[in-house]
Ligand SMILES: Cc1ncc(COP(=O)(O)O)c(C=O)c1O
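What follows is a single chain, given as structure tokens, in the form predicted alone.
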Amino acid sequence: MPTYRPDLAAIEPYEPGLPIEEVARQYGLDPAEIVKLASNESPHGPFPEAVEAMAAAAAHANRYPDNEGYELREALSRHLGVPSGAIWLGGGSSELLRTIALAVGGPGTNAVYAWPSFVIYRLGSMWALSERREVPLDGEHRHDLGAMKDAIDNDTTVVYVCNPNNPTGTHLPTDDVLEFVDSLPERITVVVDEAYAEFVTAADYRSLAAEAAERPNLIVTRTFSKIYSLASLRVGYAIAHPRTIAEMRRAQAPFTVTQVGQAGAIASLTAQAGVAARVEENARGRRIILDTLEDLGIPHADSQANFVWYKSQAADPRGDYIRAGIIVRTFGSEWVRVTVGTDAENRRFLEALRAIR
């Protein structure tokens, strides 16, 4: 029997949302009748220009990708208004978060983050052998920045702020986050995870990308997996000071973003009219779901993302929704996260919600 790290036994592998095909096999359902609203994926495919660019890039798959991602970083620089040297690419934002944990963590260090929040903060800390300090959300399912600051000590090397937060969808005003960053010692790396930033319509929210490009202790992570519909290609990026990026990349494997993924991401950035339409569609669907939860008296959080978090009254919410042909994500025995889908998918979910609650 091979020898493994003894601490691995305490790490529960990441469990993604159930695939439609698996649910169909387990429950004897027609795959065409199943709606997957469990993984915060876009209900739409990639933009047409991205599909065309990816098809062309696939013809050269015999060559390794550009490890520096020059063209994609230049395109992101123009899109974000930050220097290309302040942009760092990775295999989805999850891979960047893992790399950050490895680069700043290790025995004798600790990481501070809200909970529940994105599980990669927990897993990354465990992979890095860092102590985990999980700070409960406040009564409105938001980050409690005061409590998070109280959890920081001389051994803290990284703090994660998910804004909007996954799985609750709640957001913090940008000024509050920036004030929090300013209050911390510069030796602490602060990661602001903006995976769902494009979906936010709140007036008090903006990206911290510009600030991250100039501050050595601030990193903003983003992804093409959500609104750009490139989830299976794993294209993420971060904005950070060039010196910070240079140190972080010491812990990163090479060639983490494929050339097909880079081509699709570059083309996707040209489809901003389509992005705006998706933002509007998502906001409309999100509002309908939130209003229905309110009308039914079901406890829920006020979301700014492409999903909604609520407390189910069902004894077996996961199974009950699957039997209704809807795949949602459950957290424990009560809380449910449902992705905002197309209008038709949202109607299917709301029908099930009224019956299952």
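Computed from a prediction, not measured in an experiment: that's the story for all the values here. For every residue, the number given is its place in the sequence shown, counted from 1.
What comes next is about the form predicted together with the named molecule, which is not displayed.
Classify residue 268 as contacting or not contacting the named molecule in the model of the complex by the rule of any non-hydrogen atom within 4.5 angstroms, answering yes or no. No - in the model of the complex, heavy atoms of residue 268 and the named molecule never come within 4.5 Å of each other.
With heavy atoms only and a cut-off of 4.5 Å, decide whether residue 97 touches the named molecule in the model of the complex. Residue-level check for residue 97: yes, a contact with the named molecule.
Please tell me whether any heavy atom belonging to residue 196 falls inside 4.5 Å of a heavy atom of the named molecule, as the geometry stands in the model of the complex. Heavy-atom contact with the named molecule at 4.5 Å: present for residue 196.
Considering only heavy atoms, tell me if residue 226 and the named molecule come within 4.5 Å of each other in the model of the complex. Residue 226 belongs to the contact set for the named molecule.
Pick from 253-261, 86-94, 211-219, 107-115: which stretch has a heavy atom within 4.5 Å of the named molecule in the model of the complex? Contact criterion met by 86-94 only.
In the model of the complex, the residue from 101, 239, 162, 159 that sits within 4.5 Å of the named molecule by heavy atoms: Of the candidates 101, 239, 162, 159, 162 is the one lying within 4.5 Å of the named molecule in the model of the complex.
So the named molecule isn't shown here. In the model of the complex, which residue out of 142, 206, 133, 234 has a non-hydrogen atom within 4.5 Å of it? Answer to the contact question: 234.
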